[in-house]
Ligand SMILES: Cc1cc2nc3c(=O)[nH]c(=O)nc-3n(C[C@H](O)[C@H](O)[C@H](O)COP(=O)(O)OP(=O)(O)OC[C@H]3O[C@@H](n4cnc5c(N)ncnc54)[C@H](O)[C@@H]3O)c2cc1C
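Next comes just one chain, in structure tokens: the form predicted alone.
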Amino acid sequence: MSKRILVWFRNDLRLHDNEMLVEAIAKSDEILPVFCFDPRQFELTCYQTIKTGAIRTRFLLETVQDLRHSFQQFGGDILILKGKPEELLPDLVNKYEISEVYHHREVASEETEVSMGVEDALWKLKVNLKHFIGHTLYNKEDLPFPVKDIPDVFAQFKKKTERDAIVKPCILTPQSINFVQLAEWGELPLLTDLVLNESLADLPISSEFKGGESEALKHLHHFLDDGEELALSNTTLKKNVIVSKLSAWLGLGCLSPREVYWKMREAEANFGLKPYFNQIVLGLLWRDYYRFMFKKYRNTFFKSEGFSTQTSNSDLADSDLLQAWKNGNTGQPLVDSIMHDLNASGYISNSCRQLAATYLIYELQINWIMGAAYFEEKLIDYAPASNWGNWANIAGVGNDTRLTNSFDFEKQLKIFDPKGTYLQALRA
């Protein structure tokens, strides 16, 4: 009897540099790719937000559709289902005589609980759920320290990792795939099927960002071309002016961090511009850092008091001030402009995120949890570790003590717009 492996896709929606997929192909006669639209991901939260907002949902749908098209080029498809994975996957295992299930391990609590539910259900069927780690630049086994001893201070993590760890080469993209043959592969849901708690009337028809591995690789190629143009024109780069927007595709795994790293190193060798590319690699290191911190500390980042020894008394209720911040109606022109951009596109730069967060926490005196939850709803590049880790540090309750109380709105404003030119343009 042929060996069949079910490949459960989550936030790893690509063919390139995907060890889980390549190993499944190598260890089986046929694979069954599956993606589940879990209804829990589109529900209302206890923070007066939606778990996944309309812009994020559209980006996800585009990404899954692109992955489907990629598999169709190999003569197969991906089974698309709507429901809870812990209920759907065991049924598929029985129906298609699956020998093993592969998936990428997550680090945040809700995603981990779903994995545990699947694992428990499969254990009863005597089928193994094999875990892979494919979301980081550095594999945890290649770090110069065990997870429990990872330095809490980012600067120390960066120094030791860059000095003593290696970034592995990318896994080669599959050249052929044998699929389990299905009569029906499932329809891709409509946006209206998933977005039940939000009006779509104001959703922009088009966006700068389109989901999918194809778009991710295209964007990376164009970004590197821009780097070559900068090199040829001898442009002098100023600190913090480079916004790659690659995180939009990193969040859902349309783009591998290692693919970005090695392409950057190749471009750096060809074009120069070391400071230009170092900014991007630094961003990848921050993503790794927060993900490993979540692995180390679990749910601490989701608590209002975070790593602080004091219990938080901040209110988690809705308020007019919170709504004004969300809608970009605070009266602070720069913050309002940032929030309008976020609401319209699902993306703002890291410096914009820090400024908006600092204003909410220190000027409006609103609990940081409410802001983090709103960013979770809106950001197309949302990743639990990066989002909640960043917010906790800005609020002064993160695990890196060097960042505690280092955020001040007026200081951030001067860094972001030192000559007031951005504000002048807004008022013009």
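As the structure is a computational prediction, the values presented were derived from the model and not from experiment. We number the residues from 1 along the sequence you see.
Separately, the form predicted together with this ligand exists; it is not shown, and the next lines address it.
Colleague: Tell me the stretch among 45-53, 383-391, 30-38, 58-66 that has any heavy atom within 4.5 angstroms of this ligand in the predicted bound form.
Modeller: Looking at the partner contacts, the answer comes out as 383-391.
Colleague: Only one of Ser308, Ser304, Asn350, Asn178 gets a heavy atom within 4.5 Å of this ligand in the predicted bound form. Which one?
Modeller: Filtering the options by heavy-atom distance leaves Asn350.
Colleague: Which residue, Leu342, Leu137, Leu250, Val93, has a heavy atom that falls within 4.5 Å of this ligand in the predicted bound form?
Modeller: If I apply the 4.5 Å criterion carefully, the residue I get is Leu250.
Colleague: Counting only non-hydrogen atoms and a 4.5 angstroms cut-off, does Leu284 reach this ligand in the predicted bound form?
Modeller: Leu284: contacts this ligand in the predicted bound form.
Colleague: At the 4.5 Å heavy atom threshold, is Thr330 in contact with this ligand in the predicted bound form?
Modeller: Residue-level check for Thr330: no, no contact with this ligand.
Colleague: With heavy atoms only and a cut-off of 4.5 Å, decide whether Lys296 touches this ligand in the predicted bound form.
Modeller: Close contact is absent here: in the predicted bound form, Lys296 is far from this ligand, nothing within 4.5 Å, heavy atoms only.
Colleague: With heavy atoms only and a cut-off of 4.5 Å, decide whether Ala373 touches this ligand in the predicted bound form.
Modeller: Output for Ala373 is no: heavy atoms all beyond 4.5 Å of this ligand.
Colleague: Does anything in 244-258 come within 4.5 Å of this ligand in the predicted bound form by heavy atoms, and if so which residues, in order?
Modeller: Contacting residues: Ser244, Lys245, Leu246, Ser247, Leu250.
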